[in-house]
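One chain comes next, on its own, written as structure tokens: the form predicted alone.
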Amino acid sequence: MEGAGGGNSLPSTSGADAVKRRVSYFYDPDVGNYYYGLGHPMKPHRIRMTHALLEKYGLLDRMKVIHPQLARDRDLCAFHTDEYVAFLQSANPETLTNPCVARRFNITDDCPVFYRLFEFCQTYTGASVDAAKELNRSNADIVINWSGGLHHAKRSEASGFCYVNDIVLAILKLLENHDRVLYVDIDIHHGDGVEEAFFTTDRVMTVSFHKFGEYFPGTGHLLDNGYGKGKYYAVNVPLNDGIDDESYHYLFKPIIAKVMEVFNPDAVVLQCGADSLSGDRLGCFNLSVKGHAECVRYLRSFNVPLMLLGGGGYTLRNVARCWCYETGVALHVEVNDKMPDHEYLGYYGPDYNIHVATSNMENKNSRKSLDDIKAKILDNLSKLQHAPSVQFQEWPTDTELDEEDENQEETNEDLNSDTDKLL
């Protein structure tokens, strides 16, 4: 069964959430080989664990599996500065000896330079950009890249385990063929890099549900809601420790329903950071796998082209559980709770189940605080004109863009004016 109440504000091809969706899944087998370093909580191996579950559950047979291309320099420079991309391209742990250079690009213990760093960025970003192209060409209804979703990266610096902001690049690609794109972020951390990139436009709405208050990255206040043309097109939902499924969806569903009504997006990008799950190594929320996946189920029900991306998630076994189950949701397949035998089964003991119990931690989100947040956000959204107007123009095809001069440059000062061609 799909989540009740979804999809009423937009037309559906059949009026039923159960209608089959064409799903394309992007996966590079090398992605699990990259290694941030000893003791670092970000482990790309979780993507390989997720893929192994998808294979053993037979989900790969139900969707188109695509090996993505590596993102090229000029793909990355559609958002990031040439100087920063050049640094990433040359970065090597043996040669990075200048502390000034490291500070300049925010290279820290959180964002270390590791072997094949640039190739890692090319891998996960290429998958997100290719996923956007798949939607642009109407080859799929839902696209999935669990290696993507690195939402903290800024235009000229790394941040929060993120180096290249594949989400921004994917949204820019979607804007070539879609008038309005909705970005929703259910990672426990605020989606600051994506919000910052689109803070002044009404063609992208960003909606972030996150822990707020003495928590990285420290942004995402309720009153931070966009600027200029983008006023009220940034939506921040600040939450406290211990939020459970019921409290989360008490906000998520009415807010998303109103967003879909007033913004009427042509495509949706959902960042499915799994650090909002109960028991995450770095998190402090109390969502179950089903509660987390209900966000996917609800957005799927609107029958709008949908991109699912990964993100945070630092208890590896739970990340793989979550993204496997959410792939099933995308396919409208309820996977068995008992896991099939596979090479990583030992990670999931002693029960070897997809679903695990949440904790008994205190939910510090009172009903009054939730009501106040919901009322403020719904009031802001009610101030928007329905479906902002855009200037229609003929966009170049992907082939034409691929043939553009590689030496095109974009400076910090003209970022907003240049991206206005799309925004």
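From 1 onward, residues are counted along the sequence shown. The structure displayed is predicted, hence computed values, not measured ones.
Keep in mind the form predicted together with a small molecule is missing from the figure; the text below concerns it.
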Heavy atom within 4.5 Å of the small molecule in the model of the complex - the one residue of 56, 374, 62, 40 that qualifies: 40
Contacting member of 189, 80, 321, 292, with respect to the small molecule in the model of the complex [4.5 Å, heavy atom]: 189
Region of this chain that lies against the small molecule in the model of the complex, out of 336 to 344, 232 to 240, 68 to 76, 306 to 314 [heavy atom, 4.5 Å]: 306 to 314
Exercise: residue 132 in contact with the small molecule in the model of the complex, heavy atom 4.5 Å: no
Contact label in the model of the complex: residue 109 to the small molecule, heavy atom within 4.5 Å: yes
Residue contact check: residue 216 to the small molecule in the model of the complex, 4.5 Å heavy atom: yes
Distance check, residue 160 to the small molecule in the model of the complex, heavy atom within 4.5 Å: yes
Non-hydrogen atom within 4.5 angstroms of the small molecule in the model of the complex for each of 152, 271 and 275: yes
